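In structure tokens, one chain follows: the form predicted on its own.
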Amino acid sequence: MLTLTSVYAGYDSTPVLHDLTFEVRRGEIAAFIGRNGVGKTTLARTVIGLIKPTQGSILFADEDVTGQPARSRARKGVGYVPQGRGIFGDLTVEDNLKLGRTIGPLAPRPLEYAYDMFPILGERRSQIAGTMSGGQQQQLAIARALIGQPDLLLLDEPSDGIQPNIVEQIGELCTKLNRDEGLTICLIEQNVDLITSCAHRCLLLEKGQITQRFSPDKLQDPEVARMALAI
């Protein structure tokens, strides 16, 4: 589904990703883990097209999208939930979801899809999104990405600042979407419980490179968790 080969990327003259190579298989939930500052968010922004690589290639569903902008990748089926959620805080919940229906490779899902997924959004459909709690905003951001029917979903730190019960819901939702709809998910995360609840494989990012690949259950070992996540 997704292949990066010898990718270099960063900000202005500051390189962050160095000769980054990996692949994510169709129907897989791959967790990209690592300490703060190793390039996880840069990786997500490079995959979606917000950062242009200086070298290397990015293939999505066997198509080279390296030079394509974010809007083109979204229309081809790459969904993105950025760290910090990225909702439109001055718009209502329903208007945020309507914007999500304007992108994606297939006919968009109805708004009821989002309301069934997260009933609180149906109850708050007329509420200004920026006035909701952090957890509710995260639910909105995820629903907005999913309503466009992506084939690949990038989730950047979805547990950041979110109460544990909603983190648990996110893990359950990832498992359900992967099992029932075959959705491929790249989960960029540091929450051990979320990773182990839904991921099939962990890819450890260190200094802008994937250095290890291992099963999520290895994070139950305190030494492995400390090495990978500085816990």
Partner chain sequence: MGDIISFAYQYADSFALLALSSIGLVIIFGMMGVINMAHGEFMMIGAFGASFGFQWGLPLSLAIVTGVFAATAIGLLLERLVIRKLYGRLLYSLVATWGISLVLSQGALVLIGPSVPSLPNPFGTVSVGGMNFSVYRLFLVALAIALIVTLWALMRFTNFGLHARATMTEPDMAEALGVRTTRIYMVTFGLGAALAGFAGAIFGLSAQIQPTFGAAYTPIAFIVVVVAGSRNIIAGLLASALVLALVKTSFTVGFNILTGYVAMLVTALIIIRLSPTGILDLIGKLKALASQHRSSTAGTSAEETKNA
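Positions refer to the first chain, counted from 1. Fair warning: this is a prediction, and the values are worked out from it, not measured in the lab.
We do not show the form predicted together with the partner chain, though everything after this point is about it.
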Checklist entry - Is D116 close to the partner chain in the predicted bound form, meaning a heavy atom pair under 4.5 Å apart or at it? => result no
Item to check | K98, heavy atom within 4.5 angstroms of the partner chain in the predicted bound form | outcome: yes
Checklist entry - So in the predicted bound form, does any heavy atom of T102 sit within 4.5 Å of the partner chain? => result yes
Item to check | Contact test in the predicted bound form: R45 vs the partner chain, heavy atoms, 4.5 Å | outcome: yes
Checklist entry - Among P108, G122, P82, G135, which has at least one heavy atom within 4.5 Å of the partner chain in the predicted bound form? => result P82
Checklist outcome for this item: Residue within 4.5 Å of the partner chain in the predicted bound form by heavy atom, from I166, A61, V65, A70, is A70
Checklist entry - Where does the partner chain sit in the predicted bound form: which of 169-177, 32-40, 192-200, 47-55, heavy atoms within 4.5 Å? => result 47-55
Checklist entry - Taking H18, E28 and R213 together, does each of them reach the partner chain in the predicted bound form with some heavy atom inside 4.5 Å? => result no
Item to check | Sequence-ordered residues of 128-147 touching the partner chain in the predicted bound form, heavy atom within 4.5 Å | outcome: R144
